[in-house]
Ligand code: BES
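Below you'll find only one chain, the form predicted alone, shown as structure tokens.
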Amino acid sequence: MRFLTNKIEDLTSNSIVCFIFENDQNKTDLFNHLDKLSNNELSKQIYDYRIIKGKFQESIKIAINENLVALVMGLGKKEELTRKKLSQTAAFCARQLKNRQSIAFELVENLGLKNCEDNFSKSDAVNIIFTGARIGLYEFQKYLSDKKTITDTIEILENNITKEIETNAQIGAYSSFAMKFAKDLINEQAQIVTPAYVAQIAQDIAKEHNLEVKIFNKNEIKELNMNAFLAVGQGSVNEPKFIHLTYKPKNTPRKKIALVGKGITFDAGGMNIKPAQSMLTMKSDMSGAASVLGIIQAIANLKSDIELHVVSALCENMTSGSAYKQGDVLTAMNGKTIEVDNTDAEGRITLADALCYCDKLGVDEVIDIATLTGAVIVSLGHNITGVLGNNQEQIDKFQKIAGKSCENTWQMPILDELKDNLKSEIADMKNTGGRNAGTSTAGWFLSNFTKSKSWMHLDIAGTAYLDKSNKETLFGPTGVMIRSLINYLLS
């Protein structure tokens, strides 16, 4: 897909979104341009006949000429337009015009909101619209015999294209690519997406973007003493892989950050096998790994000034004669022991060794992203990502940026009292602690395997994959937190 920025008179798309505010008589440059092209038909429909009044997501399609269709889209009251509403509207508009080869959007800004966190400029809007529109257009058609034509170009129209607009256009374009990359990988069948398959993709990414890459096989993982991670994957015929990609800027990096993505390429639950219905979407249990692989490509394309390490422990959690069992005691890379209380709480076990590995990288921050607990769905539902960590300044900064990236987060606590939930008589801790405070307990478990003073954990179990569409994203993988993490890393 192409992303363009052009002046209004240089419009190349065959469809266009023209925004209007509720009961606002002010006509934008784009409106006047389209009105002229339509011989004033646009003004007649909107301001004379009052076909629509600009209420939020109230819309009408109008043929401007034989080649150009305009979707006039209401944004509601100007003082109520937020970043989130703009992103949802961009996705909605893109779906309305998805049969068109190309779609153009005009830029809007809203700097007068009482809540300054929701204020946005035109340079902010270009990032929001590019990512929102790409979300709206996303479809996975690989296995459809009757494939639909999909829009191949998204264009932004603005007569005063500043350097800041161009920069944010690039960020939006590469962020949307990272999201599509992750969603395509998650949508692919688990029969194909094995640990070896993802490892090969990591090698291909490294080659394309000139990144350093290390791929550890089973024996090399054993030499690193990642015995917890190895145990989770030992029930599968597909051997585990551990990947480590590194992006380094040309000059001395401003900061060094490690991103860890949970990489269970299929989760059957192990010996604590899941019910059939619960396994239907378990190809998505590697959403964290897919996300961080998409993110490092965006960071490389944007030539960021940070050093970024992307790490993932890849395996399948299957049941077989060789699978790990309840009651087993596993020794992690840092020497701490784990009594296996439930083999279906496997993600935290693999993350334990991945976090230990990051201690050796000399980074300033560690962030992991994982479909970790069902408890986070009970607590926060399918539209809010749980955030936990040990550095409040890091968490506050990230949550502020996530909000500006049109994504919802909520901080959950990690308390010392939670260690009682994981008390074991034969090991340092158990891997589960019952239903109560499940997300926070999992966070406390993970905190035992990192020495970083700036560690943050994102639990995307409820937000990474949707059973039904919401106002912005269609059902299936969402690419959640990718745009927030990219904006955070660039900040």
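Sequential numbering from 1, following the sequence displayed. What you are looking at is a predicted structure, and each value in this text was computed from that prediction instead of being measured.
Heads up, the form predicted together with the named molecule isn't pictured, but that's what we're talking about next.
Between the named molecule and the residues Asp285, Glu106, Glu316, Asp353, the one pair within 4.5 Å by heavy atoms in the model of the complex involves Asp285. This chain is displayed alone, yet in the model of the complex one of Thr371, Ser176, Ser87, Ser405 has a heavy atom within 4.5 Å of the named molecule; that residue is Thr371. In the model of the complex, none of the heavy atoms of Leu113 sits within 4.5 Å of a heavy atom of the named molecule. Shown alone here, Ala461 lies within 4.5 Å of the named molecule in the model of the complex, counting heavy atoms only.
Of the heavy atoms in Arg134, none are within 4.5 Å of the named molecule in the model of the complex. In the model of the complex, the named molecule sits within 4.5 Å of a heavy atom belonging to Ala345.
Candidate site formed by Lys183, Gln200 and Ile295: none of these residues places a non-hydrogen atom within 4.5 angstroms of the named molecule in the model of the complex. The stretch among 205 to 213, 355 to 363, 151 to 159, 374 to 382 whose residues place heavy atoms within 4.5 Å of the named molecule in the model of the complex is 374 to 382.
Residues Lys262, Asp267, Lys274, Met282, Asp285 are the ones in 252 to 291 with at least one heavy atom within 4.5 Å of the named molecule in the model of the complex, listed in sequence order.
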